[in-house]
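Next comes just one chain, in structure tokens: the form predicted alone.
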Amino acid sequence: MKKQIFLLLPLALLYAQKTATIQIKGMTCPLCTTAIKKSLKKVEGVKSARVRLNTKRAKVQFDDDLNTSILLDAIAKTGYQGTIISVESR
């Protein structure tokens, strides 16, 4: 049993992910959310991105080793300003 756990541990580390909640300033229409979502999904290590106009927030699921400043840079490239509200490990 112990051997099985040690064999699975590296796999669990490979799939370690985090979820960031990001407040985004300046969004006014559905096209804004689409542009931000596309930009975030282009970042290597991002697994999923959801952007909501009504809350002006994005939820981004990404690899554990990715720095959140890269996510903010991807948002800035679209002309909006993001602020990290929280980051949770999975």
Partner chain sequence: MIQRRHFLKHTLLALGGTTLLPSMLMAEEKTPKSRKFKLVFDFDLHHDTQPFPAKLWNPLPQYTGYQKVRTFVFNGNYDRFEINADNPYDADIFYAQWEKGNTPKQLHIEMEVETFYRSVPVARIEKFSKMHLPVPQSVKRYLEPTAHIPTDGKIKAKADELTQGMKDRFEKVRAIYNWVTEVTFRDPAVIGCGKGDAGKMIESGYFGGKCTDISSLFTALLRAAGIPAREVFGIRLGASHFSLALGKSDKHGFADITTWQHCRVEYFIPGAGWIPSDPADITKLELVEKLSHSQPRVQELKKRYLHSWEMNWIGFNHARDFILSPKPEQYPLNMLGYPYAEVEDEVLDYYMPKTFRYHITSQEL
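Residue numbers count along the first chain shown, from 1. Note that the coordinates shown come from a computational prediction; the quantities given were computed from them, not determined experimentally.
FYI, the form predicted together with its partner chain isn't displayed, but the following is about it.
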Open item on the list: Taking its partner chain as it sits in the predicted complex, is residue 33 in contact with it (heavy atom to heavy atom, 4.5 Å or less)?
Closed with: yes
Open item on the list: Taking its partner chain as it sits in the predicted complex, is residue 40 in contact with it (heavy atom to heavy atom, 4.5 Å or less)?
Closed with: no
TODO: Using a 4.5 Å heavy atom cut-off, state whether residue 28 contacts its partner chain in the predicted complex.
DONE: yes
Open item on the list: Against its partner chain in the predicted complex, would residue 52 count as a contact residue? Criterion: heavy atoms within 4.5 Å.
Closed with: yes
